[in-house]
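Let's start with one chain on its own, the form predicted on its own, as structure tokens.
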Amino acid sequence: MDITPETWNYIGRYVGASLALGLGGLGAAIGMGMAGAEANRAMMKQPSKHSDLLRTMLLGQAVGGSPSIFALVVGLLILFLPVNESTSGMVFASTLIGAGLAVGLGCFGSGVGCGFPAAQACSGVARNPKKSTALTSTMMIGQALAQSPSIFATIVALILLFLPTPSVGIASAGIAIAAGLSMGASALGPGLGSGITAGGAVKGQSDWPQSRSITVRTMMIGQAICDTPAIFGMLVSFIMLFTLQDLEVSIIGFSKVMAAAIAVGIGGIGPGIGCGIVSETSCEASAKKPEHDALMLRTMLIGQAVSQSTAIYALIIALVILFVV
């Protein structure tokens, strides 16, 4: 059965928008649920502080819901974007699906990640209610940084929607989907890891509030390093979108870009989460023992660097697939 260009256009809109909203909304809902659950648990311990806990929970949920808004905006664009007549059909549909993959997967990780600092802030307010304002401030800083991978993913999704995909035959479909997969999957792990880091910082600050400046600094450094795999994925997406005009016009070219996307995208999930686990404990340790902050920071950086090694291997494989073999 031959599929008409108009049918391809509808397929792209339906699948792309569902991926954007389905995955992006899923992550944010889980993160907001984590905040709500911990707020209820905290109220059992400190019912007299219900107003502070409710405020902290709602702020955490509001900020943590931002990735789902990114996904909503991109999803609506996918549904109502005018058809590009020059790429109408399979290529246009693939562009929409690629944009949905990018923002859906990218916002899923950041949405869940934002739940960790929100949950720890609610727990911390119950343990140390006098520091509720400072804890809420650290929570919001951590959540904002945890959303960086989702912002990267949104940028790639918008590029896919508004800039023309390279015209290289059937491989154009592969470029569009692969660019979205590369960015979205590689942002998933860093979004989670960055949120785990922020959760450790908020917990450390709630237990040892006098070390707040050291804890926040360690958190920000740790989160920045957690984002490295997402940057690798964005780099590969840009390479696909802007430098592959000479790609083989066949199923071989399609397979090449998809393989590179799987390598760097899936390969970035583990390192992003692993780096978050390292920096989570470093934030708590620095808060507890601020006099040994330099030692904790050095250990964190070494641990994260080694955890990042597999993301670097995945990037190398992706580049070799694109440019050597």
Partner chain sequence: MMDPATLLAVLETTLSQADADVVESAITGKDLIKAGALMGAGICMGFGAIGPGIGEGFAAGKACEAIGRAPEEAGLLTRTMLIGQAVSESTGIYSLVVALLMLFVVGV
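Positions refer to the first chain, counted from 1. Keep in mind that what you see is a predicted model, and the values were worked out from it rather than measured.
The form predicted together with the partner chain is left out here; the points below concern that form.
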Does the partner chain come within 4.5 Å of a heavy atom in each of Pro5, Leu26 and Leu79 in the model of the complex? no
If the cut-off is 4.5 angstroms on heavy atoms, which of these, Met57, Val63, Met300, Met34, is the one near the partner chain in the model of the complex? Met300
Consider Lys288 of the chain shown here, and say whether it contacts the partner chain in the model of the complex, taking contact as heavy atoms within 4.5 Å. yes
So, in the model of the complex, is Tyr313 in contact with the partner chain at a 4.5 angstroms heavy atom limit? yes
Do Leu53 and the partner chain share at least one heavy atom pair within 4.5 Å in the model of the complex? no
Heavy atom to heavy atom, is Ala263 within 4.5 Å of the partner chain in the model of the complex? yes
In the model of the complex, which of the stretches 271 to 279, 26 to 34, 42 to 50, 65 to 73 has residues with heavy atoms within 4.5 Å of the partner chain? 271 to 279
The partner chain in the model of the complex - contacting residues of 301 to 325, heavy atom within 4.5 Å: Ile302, Gly303, Val306, Ser307, Ser309, Thr310, Tyr313, Ala314, Ile317, Val320, Ile321, Val324, Val325
